[in-house]
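Read the single chain below, which is given as structure tokens and is the form predicted alone.
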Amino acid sequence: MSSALIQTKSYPTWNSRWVFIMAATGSAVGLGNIWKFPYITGENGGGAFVLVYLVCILLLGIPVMVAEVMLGRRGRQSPVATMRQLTNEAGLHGFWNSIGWLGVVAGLFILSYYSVIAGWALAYIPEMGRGTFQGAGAAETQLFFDTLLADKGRLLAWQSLFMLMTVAVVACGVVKGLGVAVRILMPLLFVLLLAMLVFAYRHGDFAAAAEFLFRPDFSALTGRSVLEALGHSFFTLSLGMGAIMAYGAYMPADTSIGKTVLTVAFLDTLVALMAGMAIFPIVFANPSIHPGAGPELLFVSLPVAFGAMPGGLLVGMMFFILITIAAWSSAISLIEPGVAWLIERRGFNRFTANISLGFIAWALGLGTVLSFNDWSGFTLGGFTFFGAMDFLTSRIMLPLTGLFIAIFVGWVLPQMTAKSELNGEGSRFYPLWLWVLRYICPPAIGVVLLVGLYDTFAAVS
């Protein structure tokens, strides 16, 4: 058997705390860090938003992540089966089984559009290599991006390639697939990020970027900015998607959940800040590029900068490989909870479970592909299909699952269960964690959820 895992009671278990850390960090580090975090930071004023985001990670993300990992390790099964076992053991209402189902469904929904956006990054790698953006201006890069989005055949091809990459890893199993992938992809991601930082330091305006990211300007902060930070703290840590609970099932019994989660949260936040410091120096070195350029910052604005800098095309190719790796490490964790459930409860083997769920996510992704071309004129409540899927998952399903986890672990699950799993006896941190999970997390997450629902009804009306 692989040195990465050992078999315990017929369920695979990471034999190293660091393998779990790499796996959980790989799940957490994704497009949210490399693609979304820089542009929402730019849209929300920079340093003040970063500070609020860090507070949200500390007060909301980490406590809920501890609870989710604890549930996974306690159940040692897929999220759906874990919740069913815990509720049955404690004689609780079956309603709480919805935590497992919400996570599995949210993960598949996210994977459906995640694979399309990751496909964009894949499409840019060969274009950077062949010099398409050499000396290109904003008009040329905008035209390239618009042409890519309008060509549903190309989008479908790149989406399909990324989905095949994802299914191939998970089909190889927890031992030879997930374990090997995270041990290769995560170190490679950090190496590429460091190389990008060196390039940004030498060829960009590093001082302006540091001031923008780390000097708070609270006048630029709005209520919506705070809600954006709250929501993103969930998205970036992969909370409520079933992935962290599924990976928690593979965690060694003698490993400290609290210390491990702190390490994962630190590495995830470090990647987001490193990505910001790799991107914004290049942005500020080019006056024509605005830091609040939105989602097109990476696919329209940065290619202009790469095409104008010495060695920029090679670095640009490396940058889009970095985005692809980040997305890949997250995508394999999004499909794993559903695969584990099909294997446990429906008698599927790993290959057929992967093919089945991969096809479902791929088929759903066709709606996202068409949202940028044939279906761009069709909206529901002001949302395209892609916009609706993104809003449903990031603003509704993830906060709802996180809210249920906080309430379930904080108020409903017998405290001896959580205390024994977290080694809470005599710990001065356990009472603090439980207090935050009970009294801080539910109202804060509830606000995010209610505002999301309000926005939905307002848009429809």
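Worth saying up front: this structure is predicted, and the values here are computed from it rather than measured. Sequential numbering from 1, following the sequence displayed.
The following text describes the form predicted together with a small molecule, which does not appear among the structures shown.
Visitor: Within 4.5 Å of the small molecule in the predicted bound form - does that hold for a heavy atom of every one of Ile110, Phe235 and Ser333?
Guide: The answer is yes; Ile110, Phe235 and Ser333 each reach the small molecule.
Visitor: Please determine whether Met241 contacts the small molecule in the predicted bound form, using a 4.5 Å cut-off between heavy atoms.
Guide: It does: once the small molecule is placed as it appears in the predicted bound form, Met241 has a heavy atom within 4.5 Å of it.
Visitor: Would Pro399 count as touching the small molecule in the predicted bound form under a 4.5 Å heavy atom rule?
Guide: Because no heavy atom of Pro399 falls inside 4.5 Å of the small molecule in the predicted bound form, the answer is no.
Visitor: Is Gly61 part of the interface with the small molecule in the predicted bound form - any heavy atom within 4.5 Å?
Guide: Output for Gly61 is no: heavy atoms all beyond 4.5 Å of the small molecule.
Visitor: Classify Met65 as contacting or not contacting the small molecule in the predicted bound form by the rule of any non-hydrogen atom within 4.5 angstroms, answering yes or no.
Guide: No - in the predicted bound form, heavy atoms of Met65 and the small molecule never come within 4.5 Å of each other.
Visitor: Which one of these stretches, 43 to 51, 29 to 37, 403 to 411, 427 to 435, sits within 4.5 Å of the small molecule in the predicted bound form when only heavy atoms are counted?
Guide: Among the candidates, contact is made by 29 to 37.
Visitor: Could you work out which of Tyr250, Phe306, Phe162, Tyr114 is the residue within 4.5 angstroms of the small molecule in the predicted bound form, going by heavy atoms?
Guide: Contact check passes for Tyr114.
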